[in-house]
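First, one chain by itself in structure tokens, the form predicted alone.
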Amino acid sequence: MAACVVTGGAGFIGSHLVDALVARGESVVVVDSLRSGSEENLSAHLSGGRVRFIRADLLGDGWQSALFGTARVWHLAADPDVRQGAFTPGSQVHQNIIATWRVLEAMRMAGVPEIVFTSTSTVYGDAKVIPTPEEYAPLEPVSVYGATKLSCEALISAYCHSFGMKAWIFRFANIVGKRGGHGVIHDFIRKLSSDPRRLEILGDGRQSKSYLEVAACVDAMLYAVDHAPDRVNVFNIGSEDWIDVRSIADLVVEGMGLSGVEYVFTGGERGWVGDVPRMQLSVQKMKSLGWKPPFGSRESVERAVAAMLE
């Protein structure tokens, strides 16, 4: 099969995607700056010849030649720090919007026909319909991160219609699991490792969101790419329920074998500027295609805690 290119393939979700693509017999070129990823995540494949690694920033040059002869780009590279966007928005504008435009331009010049893009539930903002379907409007992000991802979606749609490309856009719930390097579970493990007697929880602890384990997320992506034929395909990926932050704290404390931990809440409905207190995506469109989440939010978190503590 023709090689595919995975941007951000050394990162959390990207490396799991690379695992799955190699298992399917595909040859893969990974382009990653290692800003948040790790070459160690690819170590099992680099010696086998199925994966070629290019260390490069998408805002620079030198990586574009890898796209010639490629059938598909899986574009996962991004600045994923939702919280930090309230302090340094420029990074997300450049690493998300400008980088995506550069990928699309490189695809146009190389004649690559297909792109798979990982977007986010935060494009919906404070949705008034929960579970939130793909058709929900208006899309009013409350974070810079969500705004940049929505901008990327628009660019991808325009390039598909202007230059004959095809796209799959996935709006993720909270994806968790092995190799996860940010998010609430990682944050709690880091804090409790430093001080096992006290845990600071951002907000009031009642924020309730949908979580899905990373292997199930990758499975959903591959299934949709194999079965959805439209020029621009947009799908939510998540579980069919949610869990609150305090319950996640309880699962992390239990997983670490701790007891008597004092929870200290910073207060407020939102954990940070741009946080969405309630999020659950409708996955009915994916179910209609033939895929459904194998388990819910609580089991996803339990699996992630065990894997990350391992």
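Not measured: the values here are computed from a predicted model. So that there is no doubt, residue numbering starts at 1 and follows the sequence shown.
The same protein has a further form, the form predicted in complex with nicotinamide-adenine-dinucleotide, not shown here; the description that follows concerns it.
Student: Given the stretches 157-165, 170-178, 134-142, 194-202, which is the single one in contact with nicotinamide-adenine-dinucleotide in the predicted complex, using a heavy atom cutoff of 4.5 Å?
Tutor: Going by heavy atoms within 4.5 Å, the stretch is 170-178.
Student: Answer yes if any heavy atom of residue 18 is within 4.5 Å of a heavy atom of nicotinamide-adenine-dinucleotide in the predicted complex; otherwise answer no.
Tutor: Although nicotinamide-adenine-dinucleotide is absent here, residue 18 would stay clear of it in the predicted complex, with no heavy atoms inside 4.5 Å.
Student: Given that nicotinamide-adenine-dinucleotide is not shown alongside this chain, does residue 12 nevertheless sit within 4.5 Å of it in the predicted complex, heavy atom to heavy atom?
Tutor: Within the cut-off, so yes.
Student: Check whether residue 182 has any heavy atom within 4.5 Å of a heavy atom of nicotinamide-adenine-dinucleotide in the predicted complex, and answer yes or no.
Tutor: Close contact exists here: in the predicted complex, residue 182 approaches nicotinamide-adenine-dinucleotide to within 4.5 Å, heavy atoms only.
Student: Taking the shortest heavy atom distance, is residue 80 within 4.5 Å of nicotinamide-adenine-dinucleotide in the predicted complex?
Tutor: Result yes; residue 80 sits at the interface with nicotinamide-adenine-dinucleotide in the predicted complex.
Student: In the predicted complex, which residues of 277-303 put a heavy atom within 4.5 Å of nicotinamide-adenine-dinucleotide?
Tutor: Stretch hits: zero.
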